[in-house]
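In the form predicted alone, a lone chain appears below as structure tokens.
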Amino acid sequence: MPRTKFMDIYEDLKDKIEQNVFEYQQMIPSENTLAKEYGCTRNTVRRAIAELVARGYLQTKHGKGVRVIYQDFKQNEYMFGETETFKEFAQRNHKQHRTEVVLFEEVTADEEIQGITSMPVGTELYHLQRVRYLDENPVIIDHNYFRRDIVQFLTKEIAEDSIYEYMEKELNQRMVTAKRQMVVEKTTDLDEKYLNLEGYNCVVVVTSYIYNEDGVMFERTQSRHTPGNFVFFDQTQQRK
């Protein structure tokens, strides 16, 4: 499916807020002004603003307008409620980053893999293990399973850059919904082999199930984070 206009506006406004074009506590331009600037309807602008409100960048106040509430705390915080990529996370935190693929294989889901991924037996999958580096410090190891019929023609080179960026730009596929669970576990042999644990004997484990626009779960990932480099960040809003 083609990228929708409101998502382009959302991304542009989000970038301007993160780059302090629109600063903390500043009122952004009116819907009419933004609609003229982007060459779209007010409803399209309203959808983009609603997405930014939901993600904690803006706050609306009846009769006053829309105010920026985003603050960059300059920490390595992971947006637990978002579908933010590692590449986007590193760029937002002004960190050098790279990804090393230490395992890349094609597998067919059997009962054991089904138990891990919840994907049906017989599903053809890519199975990856990727070590994530921030400023040359190995802080995460990802254990990924991707459906081959959705993430088509995946390569090691793509996996070392950004799989989601490839999906969106080349395959017209978007991740839409993420279900996540976070726990703390003792380290495994692979954790100790690949990560700089700095004396810790445990890791923060985030297990994610990712769905596309058609409601199909195409990815199951377990990300194992070093505790010294993990800061959980979330935002809630009071229900009306």
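Take the two forms, superpose them, and find the largest set of C-alpha atoms that agree within 1.5 Å; that set is the rigid core. One-based numbering along the sequence shown. Note that the structure is a prediction, hence the values are computed from the model and not measured.
The discussion below concerns the form predicted in complex with the DNA, not included here.
Contact of Gly63 with the DNA in the predicted complex (heavy atom, 4.5 Å): Gly63 belongs to the contact set for the DNA.
Residue contact check: Thr44 to the DNA in the predicted complex, 4.5 Å heavy atom: Yes, Thr44 lies within 4.5 Å of the DNA in the predicted complex.
Any non-hydrogen atom of Asn201 within 4.5 angstroms of the DNA in the predicted complex: Asn201 lies outside the contact set for the DNA.
4.5 angstroms heavy atom contact with the DNA in the predicted complex for Asp191: Asp191 lies outside the contact set for the DNA.
Position in contact with the DNA when the complex is considered in the predicted complex, options Cys40, Ile69, Val206, Ala178, heavy atoms within 4.5 Å: It is Cys40 that has a heavy atom within 4.5 Å of the partner.
Cα displacement of Thr187 between this form and the one not shown reaching 2 Å, rigid core superposed: Result for Thr187: no, shift under 2 Å.
Did Gly63 shift 2 Å or more between this form and the one not shown, C-alpha, core superposed: Yes.
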